Ligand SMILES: Cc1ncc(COP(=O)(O)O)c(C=O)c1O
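The data below hold one chain only, encoded as structure tokens and taken in the form predicted alone.
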């Protein structure tokens, strides 16, 4: 029987006001457009989605074998809602060994990737109308604010601070705020906090909480460090409680294996924070059923404790990502040196390069002048097969020509060909 979904109701009556006003992911929309072009046979340099292609970066062989072994042993039923005890304990050891942070196992919750940890943090801390501070650009904070009915306060940042919020920018907005969302290395920019800047931000948060007193509601920091294993050159990764110990009760870490182990599809994320908050997050995630698959949890626990294998894999992955980022950065800077309207910010971490295509007002050999970021994006996509995501997809205002490029799904040869095509396209602009 073919079902008939016709109804006398229409428009806003069909869904909640929240769902009706929720915007879909602009990143996924652009990525879908690019996939369709690739399926039609176009030769593209796909720099859109923050993912890893298996033909470029495989998950660790030991982790893959561990998952197969866990499945063979029948590890296929529900895991505990807060995560397998062995994995939570492995995270405790990982943080002590790699980050110098000693936390109790009660401070750790496991979920189906980092997204449920982010949502769980928002759900556990935010009431409708609460103020949430986040940098613009940043990944999806504006959407989580909408989901909770919170008051979002985007802190617009620019290239002068490597698109990271500074203490000076944040200070006027901390009073009355409930959550400060930070990410380092940052998505979409591939940049990371310096020790001095992050330490100063932590001191501002502590000063604000002291002003509120014991009877107030504290200001928390959600610290997304899912890319912390991917830092390059002289860049060091710092954490709020690692710099200022008093930040421990106010910091919720967002973390997982998706980026550091190129394992986005395994859906193993973990949150680390104050046990009382983590317990509430665990209850929320349990009601959502957003736990990580049991076999993947078993195998991840084993792999995180396999220090030689983890160390070797991290070095190999970091080298591969850094090679691609540096190649793309050098190519962009070479085009800039030739006089083309393009530049980039040196990569510090993650899998992203921040690129500026200042082609606004320029006219191709055909058609009208380019006026918006989306028109610039379409131009380099159509005429160079160069696929980027504009910063507007990350709540960044203005037609300023800034774009994110993700190198997790491309190889060096792809980048070389893409840069050649990009130069040919830029030659069309007058």
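Residue numbers count along the first chain shown, from 1. Values in this document were obtained by computation on a predicted structure and should not be read as measured data.
What follows is about the form predicted in complex with the ligand, which we do not show.
Here the chain stands alone, but in the predicted complex its contact with the ligand, taken as any heavy atom within 4.5 Å, falls in 115 to 123 among 115 to 123, 312 to 320, 334 to 342, 155 to 163.
For the three marked residues, 183, 227 and 258, a heavy atom of each sits within 4.5 Å of the ligand in the predicted complex. Checked against the ligand in the predicted complex, the candidates 134, 139, 253, 220 yield a single residue with a heavy atom inside 4.5 Å, and that residue is 139. 187 is the sole member of 187, 354, 239, 282 with a non-hydrogen atom lying within 4.5 angstroms of the ligand in the predicted complex.
In the predicted complex, the ligand sits within 4.5 Å of a heavy atom of residue 267.
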